[in-house]
Structure formats: C-alpha cells, structure tokens
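Before any questions on how it binds or moves, here is one chain, the form predicted alone, in structure tokens.
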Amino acid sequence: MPEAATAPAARASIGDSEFDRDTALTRRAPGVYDIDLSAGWTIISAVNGGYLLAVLGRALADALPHADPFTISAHYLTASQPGPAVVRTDVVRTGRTLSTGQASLFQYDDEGREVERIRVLASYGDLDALPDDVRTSARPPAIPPMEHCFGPEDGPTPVDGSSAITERLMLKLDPSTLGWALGQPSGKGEMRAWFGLKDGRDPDPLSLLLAVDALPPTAFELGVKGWVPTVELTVHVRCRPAPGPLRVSIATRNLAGGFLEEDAEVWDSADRLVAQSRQLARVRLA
C-alpha cells in the first residue's frame, strides 16, 4: 500500500502566528503593558531591534485611537535581553486623521532597578483611509527569483553566537550581496532579499517594522564583521502590504567615525513601496 502523502503545513494567519504571540502584551493599567521578550528573536544574545520596534508599535496601537503606524522613531539606549519587560505609553495628541504617542520599554538590572532600553515617538493613522494617488520615481529592487537566492541555511552563521531570529524568518538573499559569506565582500554596502515569516503569515504594518531590520547588516559587504547595534531607527509605513513575500533593499553610502546609515525600502507582491526606513548603527572596527 503506498505511503500516505504528507499534508502541507498550514500557513499561519495574521493574529495567530509566532510573531503575534511573541509581540503580544498584557495591559497592567491604562498605558502600561507587560511582556516577556522571546529569546527566539535574538542575534548573539541581544533581542533584535525590529522585533522590539514591533512590540512597542503594538503597545501604541492599543493606546492610541488609530491602529496603524505611519511614522515611528526609536532610540535604542541599552541592549534588550530576553525576559520580562514593561512598556509605558503616553498619548501626546489625538486628531481626526493622526494621533501621536510615545512609549518606552524597561527591564531590570541585577539590583532590581529599572533600565530604559528603548524610547519611541510615533504618529498613527488609518492606512485604509489614504487616497490611492501615487506619483513616484521609485522602482522595486531587481532581485533574482526566489529559487535563485540563498537563505541562512545555505551558508555560515553571519556572526558568532546565537542567530535564533533566522529560524523564524523566510530570508532569501540576492547572490550579488553575498560576497561577505564567501570572504569576498563587494565593498558596495548593499543587501537585498526576499522576506517573510517562516510560518507563512502574511505581512501587515507591524511586521514591516521587523522587516526593515531583519537582513544581515550592510556592513558585512563593506568588510566589517560582528554585531552592528542600532542607535536610532525611523520607519515610515506607506500603505498596507498585499499578501505574499516582501522584497527588502538596504544600502549604506557612508561609514565614518565608527557609524553608518542604512536606508531601507520594502516592496510588496503588488510592486508597491510599503515602507521606508533609515537607521544609524555603530560598527566595531578592528
């Protein structure tokens, strides 16, 4: 008797995926939320900045009268660790089309004192209420078909230590940005990839906050190795993404004084520019 075919794994839905569970917060009081930061989104021993931004973004979506982040700027003050954290939000202003709020994430040191990890200022609105008019010179990045790209499972670990976050992502990197993995960095400071969540969950505005900070650092293609911690990250969400994989393109033009900028664009399956970001990051030069 022939062996029964294995049923395809069910795709996770928005609201019912590992990403949603790991960014879920418990409201302790108005504007105050508890969360246990998951070790599944770490790189080395620090929690990924995009995942943390999504956590704070979810808290602000609950605290503000509008649900969608339009612009969110975060300053990363100290490295976050897996484990308990508290998020405190404050409503700065509410309007008919935009609401503005701020939020901070805190953890505790060995003496039990609160340490602020991240501080965020953001404006929220309703992406579905935006007009359809688009006038742009931007074009989607030229990335080879997914089957011609390579994931973390195809090469060495990007940095020494844990890369747990890669087990939760569908990342397929453009071969032309993989010189660093072969010991031959191009020097161009570019990184491009197909991006999604491993469990098949479709993108939404909150997962875009993760997408802009989930690729290997562009510093690798500049010949720099090791962790590249984010100092500041600003994300603009332009529209609600269509279902399907995203394309992410990141570029650095200037590494100077031990810091570099990364400019990211995120495109959806309908060829729309759905998010843009800029971050300042520190590099450890030998």
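Don't overthink the numbering: it's just position in the shown sequence, from 1. Computed from a predicted structure; not experimentally measured.
We do not show the form predicted in complex with a further copy of the same chain, though everything after this point is about it.
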With a 4.5 Å heavy atom cut-off to a further copy of the same chain in the model of the complex, the contacting stretch among 60 to 68, 226 to 234, 22 to 30, 35 to 43 is 226 to 234
Triple contact flag N48, A54 and T177 to a further copy of the same chain in the model of the complex, non-hydrogen atom at 4.5 angstroms:
no
(Q) At 4.5 Å between heavy atoms, is E18 in contact with a further copy of the same chain in the model of the complex? (A) no
- prompt: Closest heavy atom of D268 to a further copy of the same chain in the model of the complex, within 4.5 Å or not?
  reply: no
* Asked: Just to confirm, L98 within 4.5 Å of a further copy of the same chain in the model of the complex by heavy atoms?
  -> yes
> Would A193 count as touching a further copy of the same chain in the model of the complex under a 4.5 Å heavy atom rule?
Replying inline: no
In the model of the complex, the residue from V87, A214, V120, L208 with a non-hydrogen atom within 4.5 Å of a further copy of the same chain is V120
Applying a 4.5 angstroms cut-off on non-hydrogen atoms, the residues of 233 to 261 near a further copy of the same chain in the model of the complex are T234, H236, R238, T252, R253, N254, L255, A256, G257, G258, F259, L260, E261
